[in-house]
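Here we start with a single chain on its own, the form predicted alone, put down as C-alpha cells.
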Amino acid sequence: MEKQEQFTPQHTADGSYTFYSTEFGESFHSQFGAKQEAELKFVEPLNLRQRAQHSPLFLLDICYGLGYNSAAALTAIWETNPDCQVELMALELDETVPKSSIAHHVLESYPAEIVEILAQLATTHSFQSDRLNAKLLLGDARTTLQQVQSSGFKADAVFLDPFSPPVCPQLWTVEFLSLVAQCLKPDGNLATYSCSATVRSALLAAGLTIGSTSPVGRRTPGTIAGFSSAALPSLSTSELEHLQTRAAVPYRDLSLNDNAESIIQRRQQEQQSSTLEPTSQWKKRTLPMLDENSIN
C-alpha cells in the first residue's frame, strides 16, 4: 500500500492557508491567497451570485482539494439566496487532502454551517439537507467523471482546478475536457486558472468557446468557457496569436487511462511534426506582455 502524503498548512498572503503536494511538486494555491483565488478565479467569473437567483443550481468541482472552491461557492450562493437548492458533485483523487483540510481548520473563515457540511463531506463523502445534495467522488477524475456523465448530471458551473498541465496533463486533455463539456448545461460555464495555450486549444476542441478572466496574483489571466460566446470576455490579439503556435498543440489521452509521461511524450512528438509557428518565434514578439509560465 502506498504511503499517504502528509499535509501541513502553509500561510498565504490573504491570511488563508494551503498545502504543498510533494507528489506533484506544487502548492494547491499560489502565495497570493487560497481564499481569494476561490472567489476571484471561480465564484466571480462564473456569476454564482447572479445564478443563485434561480434554483436549483448544479455545481461540478473538479479537483476538490482542500474544499475552498466549494466553500466559497456555497457561501456566495446562500448569502445571495438562502433558499437556493444546490446539487454539488465534487471529484478528488486523494481523500487525505479534504480530511487534512478539516483537521487543520483550514476553512474556518467560512460560515460554521459551511464548515460542518464540508467536514461531513470529507468524512462520509456525501451530505444531504433540504437545500443541498452533495457527493464527493474519490479516485482518478477520468474515471469518476465518467460516472458523473453517465448519471446525466449537468452543471451550471464547473470549477476546473487540477495541478498545472506540465505535472498533471491527464486532466487537461482533449478527451477529458470533452467529457467535462458533456457534463455542462447549454448555458453553463467552466472556469479555470490556466491560460495555457494547450488548455485553451483543448477546450476549443471539446466544442466550447473561451474567454479570459481577470489575472489573480499574477500577470496572466484565467479562462472561462461555455457553449456560447455571447457573454464571454474576448481574447486579446496576443492570446489569439498564441493559439496559432505549437504551444497550442493539446494533450491527448484517447483511452482516458494513460500515464502523465505517455501523454507528455505524445504531445511533444505532435509538436515536432506540427506546421504551426514555433513558440520561440512568437515569444520574441510577445514575451514582455506575457508570463512565461503561461506558454507551457
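The shown structure was predicted, so the numbers you read here are calculated from the model rather than taken from an experiment. Residues carry their position along the shown sequence, with the first being 1.
Below: the form predicted together with a small molecule, not depicted.
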item	value
Non-hydrogen atom within 4.5 Å of the small molecule in the predicted bound form for each of G65, P162 and L171	yes
Contact of A197 with the small molecule in the predicted bound form (heavy atom, 4.5 Å)	no
Contact test in the predicted bound form: L93 vs the small molecule, heavy atoms, 4.5 Å	yes
Any non-hydrogen atom of P215 within 4.5 angstroms of the small molecule in the predicted bound form	no
4.5 Å heavy atom contact, V97 to the small molecule in the predicted bound form	yes
In the predicted bound form, the one of D187, E79, D140, E116 near the small molecule [non-hydrogen atom within 4.5 angstroms]	D140
Residue stretch of 241-249, 57-65, 256-264, 227-235 approaching the small molecule in the predicted bound form, non-hydrogen atom distance within 4.5 Å	57-65
